[in-house]
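Taking the form predicted alone, here's one chain by itself in structure tokens.
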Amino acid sequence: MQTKPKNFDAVIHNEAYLDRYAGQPITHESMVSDAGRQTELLSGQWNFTVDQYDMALRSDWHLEETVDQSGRPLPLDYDFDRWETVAVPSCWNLARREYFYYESSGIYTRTFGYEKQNQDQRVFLKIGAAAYHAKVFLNKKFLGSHDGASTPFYIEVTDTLEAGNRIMVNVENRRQPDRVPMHNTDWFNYGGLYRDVELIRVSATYIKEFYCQLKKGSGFATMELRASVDGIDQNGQGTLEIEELGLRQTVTFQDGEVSAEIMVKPELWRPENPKLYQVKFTYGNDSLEEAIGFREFAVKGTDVYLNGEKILLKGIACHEESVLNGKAITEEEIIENFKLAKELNCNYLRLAHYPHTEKAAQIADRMGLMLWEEIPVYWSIAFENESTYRDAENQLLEMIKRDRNRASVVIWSVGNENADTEARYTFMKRLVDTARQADNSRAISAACLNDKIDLIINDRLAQHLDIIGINQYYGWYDPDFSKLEKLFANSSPDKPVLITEFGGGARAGHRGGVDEYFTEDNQRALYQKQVETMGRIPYIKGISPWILYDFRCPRRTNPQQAHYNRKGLLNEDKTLYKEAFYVMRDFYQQWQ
């Protein structure tokens, strides 16, 4: 057995320093239904430093060892409470100019007080999102690590909390080929704690999961209820109440779970009338309350139905980004985006290419917009890697569990623009099966690529999808627009097709000839040809052009783009409408 050299120093010689933090993953299994619960926000000003060399992990800063074994003071490379402060939530890229392109580790820390309210109380820490990998420490203890930049995670901290507490979160946003997404994307790589951090107090036995939606094919007269509890009292009665419907239904849990069908006929949610009901569910001393809409979304043949009526999905794609806040988009900005979509005559948005904040679906519920939600299985994921699959599956389940009570969410997407390899087919089919098992009340889709050689919609994954998403850029990346007509003529899908992306770039205010790239005139002409062509295709039942407004992207370096993807129908701060906006608005007004 090889022994360590006598001059071995763990801080500078141990390159396996991450091993001691392995084995405590935080996954969808620890999620807590938190609708309507009172929470204590830990957002606000946190102390922060960049940590390019991972010294916090190499040197165990969370232990706050200020003296050696003999009690002599040590020189420290950190000073938590005298670091600069940054806002949580926010993206560190926008905190200081020096951090704009920073891709590595950042350390967040703050202190907070805690007062126990009763002996049986349990407490969970919720981190709304940390881009991309997070390690969480509380009162000198490592609590676990989470992968995925866009979904919330929960940790029970009941036995770790004290009257005075220090929390430390190591957030790391390196781009790596085995991550989801991998290192090559077409958007900006923001880092940081960019959604709220909260404490959630629950009862000793609490409602862990709660799902309530219309049962498909029930004639809009039956609700499906599924719930689980965690704690000592696994066998008891829960109560579902919807006061407006005069409903009070008792259900019986066995071994911590219940599944029930309840006869009731609610007013149906639809974009023209986004009806929501206050739904309360109680078990013992614990209760949840949230606004829920009830609707049925279905696919039959090549048609899409909402509440039994055929519909067209008139949409727009949208990134979660703003000039001022990056991914830490505010409620006011979400509402602004959704109002712009309504102005465009949209009834639907594709939230690309990762789960947006849960506030987006809540607001869409109220404003009457249907949503496509997606995980970032984007381009060339490491499809052969089982740990990459587990990461993707966990992000999918965290997204579904978070938003499955939202009437606005009608489509789960398992990915975007992947080559149809054997490994990818197996990987994504597993995701489709997982999504369908977790929630069968919505359509499953993916944004696929067409066969560029034979010009046909032909992706093996399509046989497992409910709706076929297709991204196509004829007239832009492929200037030969005649191929689009051939693609549609050669294809005869037995499912509805949703054109999930098309478009071209334009610098707002830059005018010129229709053949001059990056002019509004060129973009407008392209949109005119695209909608004229797509509007004649009977199996196309939805469209979401790329994209609502310009967004940051380091790969776009010519002077007209200037590190922005300029395919937006508005400019990056949404103050200027491009000519193509009106083409799309007018098309949606008459498309039926």
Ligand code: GCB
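No experiment lies behind these values; they were computed from the predicted model shown. A residue's number is simply how far along the shown sequence it sits, counting from 1.
We do not show the form predicted together with the named molecule, though everything after this point is about it.
Between the named molecule and the residues E241, D439, E321, D186, the one pair within 4.5 Å by heavy atoms in the predicted complex involves D186. Of the candidates F253, F142, Y473, F338, Y473 is the one whose heavy atoms come within 4.5 Å of the named molecule in the predicted complex; the others do not. Site residues R58, T109 and R166 are none of them in contact with the named molecule in the predicted complex, judged by any heavy atom within 4.5 Å. The candidate stretches are 62 to 70, 524 to 532, 546 to 554, 47 to 55, and the one lying within 4.5 Å of the named molecule in the predicted complex by heavy atoms is 546 to 554. At the 4.5 Å threshold, heavy atoms of E501 reach the named molecule in the predicted complex.
Using a 4.5 Å cutoff between non-hydrogen atoms, N416 counts as a contact of the named molecule in the predicted complex. The named molecule in the predicted complex comes within 4.5 Å of a heavy atom belonging to N565. Put simply, Y101 is far from the named molecule in the predicted complex: not one heavy atom of it is within 4.5 Å. Along 87 to 114, a non-hydrogen atom within 4.5 Å of the named molecule in the predicted complex is carried by no residue at all.
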